[in-house]
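Below sits a lone chain in structure tokens, taken as the form predicted on its own.
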Amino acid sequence: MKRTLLLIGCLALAATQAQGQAPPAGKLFPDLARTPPMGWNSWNKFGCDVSEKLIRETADAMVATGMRDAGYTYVNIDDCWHGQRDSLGFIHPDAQRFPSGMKALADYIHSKGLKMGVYSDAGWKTCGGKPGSHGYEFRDALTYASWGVDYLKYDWCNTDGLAAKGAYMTMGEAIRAAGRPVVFSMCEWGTAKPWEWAKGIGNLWRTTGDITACFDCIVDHGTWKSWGAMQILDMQQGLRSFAGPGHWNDPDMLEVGNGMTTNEDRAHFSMWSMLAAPLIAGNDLRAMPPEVRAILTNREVIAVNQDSLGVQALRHSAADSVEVWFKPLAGGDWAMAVLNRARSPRHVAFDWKQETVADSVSGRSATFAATAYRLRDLWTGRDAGTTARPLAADVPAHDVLMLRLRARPGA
């Protein structure tokens, strides 16, 4: 009886805070997601085959492979960790898959210098058919806080009749009422244009349906489709102005290491970094080939993604399957990506003195005829001359040239 009264009291307190006394959305945890979140998620590789053993081993691998030191923080358990709700409506993990419980697992992850995330759904059931959070938002938020959860991915399956903004506001209020800082990842698939209303409710919002491990394809599942990296890249047009520190467009998790070629993995990772997208790896970190590890832990490319200015890249030009993108960086630098979407190599010639970049979102511009920059190739890790001479490069099929442009002192 005492336990019942205590739980009911906690729920009543949380509800009271959410209705009138909690700080406005986005105000309670102002330091969260100031740069795009970085971490790992179980879904792309393992789907519903999740367990305590997998998550512990992945946390170990995050440390051993250098992922943690490169900036990856969150170990996120996606769908199918759920058991059942008890008589009071509180959710419990699957006891066979997670025999030690979620609090013990979170403690283990935290002991590695990492943070733990879980998954739920705004509907009655998750996409995998497990108990959803509809009607239990405050109970679930309190439960996650008691476990020590740091990140919540919140999906949109089985939500017939629900309004997306209201459903996500409810869970956002519940998280804040529970009092533990939690990054709130809104996985609504972009259907209700969350970029127009989600700032202040969550820290990131999906802009598309699910990604799949191919560079340029569409997989038709009948009632829904999954998208290749290039299809998702194209869907980001027009969304730049909605992203920034604390609130990010999310083009879905990374497929690096899940079956594409090394060139394609490199291009995929480069463009997500240019987009200021969350970098959430989705491969098996325990069996990661050296070339995949080198891509995921490239600190110079990650620095472009994590730049404090927090501005998403703009597409400057596109011709003959070659796209040139620019991203303004803090301190006056720029990042440049030359993406070859073709199935064959392309020769690229870029005469700096004939080009000007003007970005209305950041208010930044670069007139290369007037200002010289030093060039750094972020994939070879070598200096690559200056903008005093035209750029000439051969970019392999489905690959990218990625440069950092550094303003030359006194120039």
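Sequential numbering from 1, following the sequence displayed. Given the structure is predicted, the values throughout are model-derived calculations rather than measurements.
Absent from the display: the form predicted in complex with alpha-D-galactopyranose. The rest refers to it.
Participant: So alpha-D-galactopyranose isn't shown here. In the predicted bound form, which residue out of Ala229, Ile175, Met253, Ala267 has a non-hydrogen atom within 4.5 Å of it?
Facilitator: That would be Met253.
Participant: Pick from Phe326, Trp272, Tyr74, Tyr119: which has a non-hydrogen atom within 4.5 Å of alpha-D-galactopyranose in the predicted bound form?
Facilitator: By the 4.5 Å criterion, the partner-contacting residue is Tyr119.
Participant: I'd like to know whether Gly83 contacts alpha-D-galactopyranose in the predicted bound form, with contact meaning heavy atoms within 4.5 angstroms.
Facilitator: Heavy-atom contact with alpha-D-galactopyranose at 4.5 Å: absent for Gly83.
Participant: My question is simply whether Met169 lines the interface with alpha-D-galactopyranose in the predicted bound form - judged by any non-hydrogen atom within 4.5 Å.
Facilitator: Taking the distances in the predicted bound form, the answer for Met169 is no, it never comes within 4.5 Å of alpha-D-galactopyranose.
Participant: Flag Asp210 as yes or no: does it have a non-hydrogen atom within 4.5 angstroms of any non-hydrogen atom of alpha-D-galactopyranose in the predicted bound form?
Facilitator: Although alpha-D-galactopyranose is absent here, Asp210 would touch it in the predicted bound form, with heavy atoms inside 4.5 Å.
Participant: Wondering, does Trp189 line up within 4.5 Å of alpha-D-galactopyranose in the predicted bound form on heavy atoms?
Facilitator: It does: once alpha-D-galactopyranose is placed as it appears in the predicted bound form, Trp189 has a heavy atom within 4.5 Å of it.
Participant: May I ask whether Asp78, Gly128 and Arg206 each come within 4.5 Å of alpha-D-galactopyranose in the predicted bound form, counting any non-hydrogen atom?
Facilitator: Per the other structure, all of Asp78, Gly128 and Arg206 touch alpha-D-galactopyranose.
Participant: Among 214 to 222, 86 to 94, 332 to 340, 151 to 159, mark the stretch whose residues have heavy atoms within 4.5 Å of alpha-D-galactopyranose in the predicted bound form.
Facilitator: Result for this chain: 151 to 159.
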